[in-house]
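In structure tokens, the next block holds one chain alone, the form predicted alone.
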């Protein structure tokens, strides 16, 4: 590979966490060439996790989520092209085509376009809220501002975003009703056993959760909305919010010649070609872990951050990290903190090693073929971090139980 020099021009497409962290990392690595950051939103790069937590709960202003402050922008010496999405990439010439008709030509391109909220095909789809961007939250807060206390707000989807949104709404005095299609939230993510341990959390926070909901349609009325169900029932909330997963922002690459398969496919160095990389939510990458090597796409804040640093370092030095990447995520919901290390499958075996449902604090290990593949905790942040060692090298479940690092 050829390392970056001052004569290069690096184009970063996507001005979210991954794109901005890459800009910062590249400058820290000593790159002093041209650097352009392209984003479809008009806002300078900002942090998304607080939107569904502190901002929606009214504890933060939206400006507090800003990552690229004026001071940091000046230090990064980056040219911003905000408010205009990329619509095509010519890989051979590393040239990005923008929606306004302009071209940005460089020597290297980083794809960091992330994901967008999935919308559902209801008649009132354009008036149903999502919580993905600053503008989403501003739009939602505008509609919430005119509601009376205790007004009913429907939250479609009981996953991480749905639960965080419902928690914030309850904090503000509204009456969120969470409508989950599955038998219970997160069963397809955390598995049947772990999801069952979390089943009572909404009730403890005075939030109504309705499982097994098949929604036929959502229509707008003069007073709000009507949610229609397959069993003939209806719900009349004042506001409707959907948290039904995300879609990768990779359509603009359809004619690029890159391999697109549930994201942009890249190798262990996060490269799609020698001069084109992809990082963060949009990247489907070769992940070396304790159970082997898998091709995965992981929508975690920490992965976006780590990818940015890894690719910047590789392009500057030719070196990639030798330590195994251990994914981490957290979710603050219903007054509790759920945290996980690793990227286990929902079908992996689960062993609870500390705590229980009664105290709402516990530690559990995922394992596959006798090897620990993940650690999940409720209300045990210290125990989680102490357990990271189990995922840094292959560790048998028997050895993990014998050493019990979570209890140190």
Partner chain sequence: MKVSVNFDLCTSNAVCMGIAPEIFEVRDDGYLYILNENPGPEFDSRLREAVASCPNGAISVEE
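Residue numbers count along the first chain shown, from 1. Quick caveat, the model's predicted, so the values are computed rather than measured.
Although it is not shown, the form predicted in complex with its partner chain is what the next lines describe.
- Of the heavy atoms in residue 397, none are within 4.5 Å of its partner chain in the predicted complex.
- In the predicted complex, residue 339 approaches its partner chain with a heavy atom inside 4.5 Å.
- Taking the partner from elsewhere, residue 328 is found to have a heavy atom lying within 4.5 Å of its partner chain in the predicted complex.
- For residue 197, no non-hydrogen atom is located within 4.5 Å of its partner chain in the predicted complex, even though that partner is not displayed.
- The three residues 135, 160 and 300 each lack any heavy atom within 4.5 Å of its partner chain in the predicted complex.
- Think of it this way: in the predicted complex, its partner chain has a heavy atom of just one of 305, 94, 171, 228 within 4.5 Å, and the residue is 305.
- Contact with its partner chain in the predicted complex, defined as a heavy atom within 4.5 Å, holds for exactly one of 381, 370, 30, 356, namely 381.
- Residues with any non-hydrogen atom within 4.5 angstroms of its partner chain in the predicted complex fall in just one of 331 to 339, 241 to 249, 228 to 236, 288 to 296: 331 to 339.
- Residues of 41 to 67 placing a heavy atom within 4.5 Å of its partner chain in the predicted complex: 47 alone.
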